[in-house]
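Next up: a single chain in C-alpha cells, the form predicted on its own.
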C-alpha cells in the first residue's frame, strides 16, 4: 500500500505542502479563489524548530486508534486508507485526542478532518507530495511500515 512519507532532511519548511493540500481539498478549480484572503485548512502541517522541519499528516495506521475510538462510526479503514464520513461525524473529537501522531484535527465545521490521500479529489497522488519542490514528501510503497 502506498503511503505518504516525509524525508525530514530535505524539508525546507516552505509550507507549500499545506497550501497545496488546502487547495486540493477546497473544491475550487482556481488556487487564488480557493486561498486568497481565507484561512487555509490543510490536512497536513509543517512543524519544527527552524533547524529541523517536517510535515505531519495521517499515517493511515494498520490498526488505527482513531477508528476504534470513534463513537459514531464516522472513521473507517478501507484498503489501507483511514477515511472520515463527515455525515456521521458528531464532532466529539475523540479521534483528535487518541491519534498518537497529532494528525487528526478539528475542522472548520466542528467535525474532524485528516489526510485522506487526496482520494476524493482525483489528484493521482496526494497534493502535498505532488507540490513539494524538494521531494521531502513522497507517496510510495516501502518495505518498512509502522503502526
Partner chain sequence: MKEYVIIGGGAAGVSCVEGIRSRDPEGKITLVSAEPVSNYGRPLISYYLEGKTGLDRMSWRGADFYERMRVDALHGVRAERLDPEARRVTLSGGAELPYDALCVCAGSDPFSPRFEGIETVEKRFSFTTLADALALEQAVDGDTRVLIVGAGFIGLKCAEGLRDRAKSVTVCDLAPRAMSASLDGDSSPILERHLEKCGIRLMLGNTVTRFDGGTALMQSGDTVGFDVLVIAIGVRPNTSLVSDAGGAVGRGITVNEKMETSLPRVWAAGDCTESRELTTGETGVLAILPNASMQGRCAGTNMAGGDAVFDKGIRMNSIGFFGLHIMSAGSCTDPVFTQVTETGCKKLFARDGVLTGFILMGDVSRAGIYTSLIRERTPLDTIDFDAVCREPSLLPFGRAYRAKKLGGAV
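Keep in mind that what you see is a predicted model, and the values were worked out from it rather than measured. Residue numbers count along the first chain shown, from 1.
Not pictured, yet referred to below: the form predicted together with the partner chain.
Which residue among 40, 98, 31, 120 has a heavy atom within 4.5 angstroms of the partner chain in the predicted bound form? Contact residue from the list: 98.
With the cut-off set at 4.5 Å between non-hydrogen atoms, does residue 59 touch the partner chain in the predicted bound form? Residue 59: yes, in contact with the partner chain in the predicted bound form.
Classify residue 2 as contacting or not contacting the partner chain in the predicted bound form by the rule of any non-hydrogen atom within 4.5 angstroms, answering yes or no. No, no contact at 4.5 Å.
Distance check, residue 48 to the partner chain in the predicted bound form, heavy atom within 4.5 Å: Residue 48: yes, in contact with the partner chain in the predicted bound form.
Answer for residue 80 alone: is it within 4.5 Å of the partner chain in the predicted bound form, judged on heavy atom distances? No, residue 80 is distant from the partner.
Would you mind checking 65-86 for residues with a heavy atom within 4.5 Å of the partner chain in the predicted bound form? Residues within 4.5 Å: 65, 67, 68, 69, 70, 71, 72, 73, 75.
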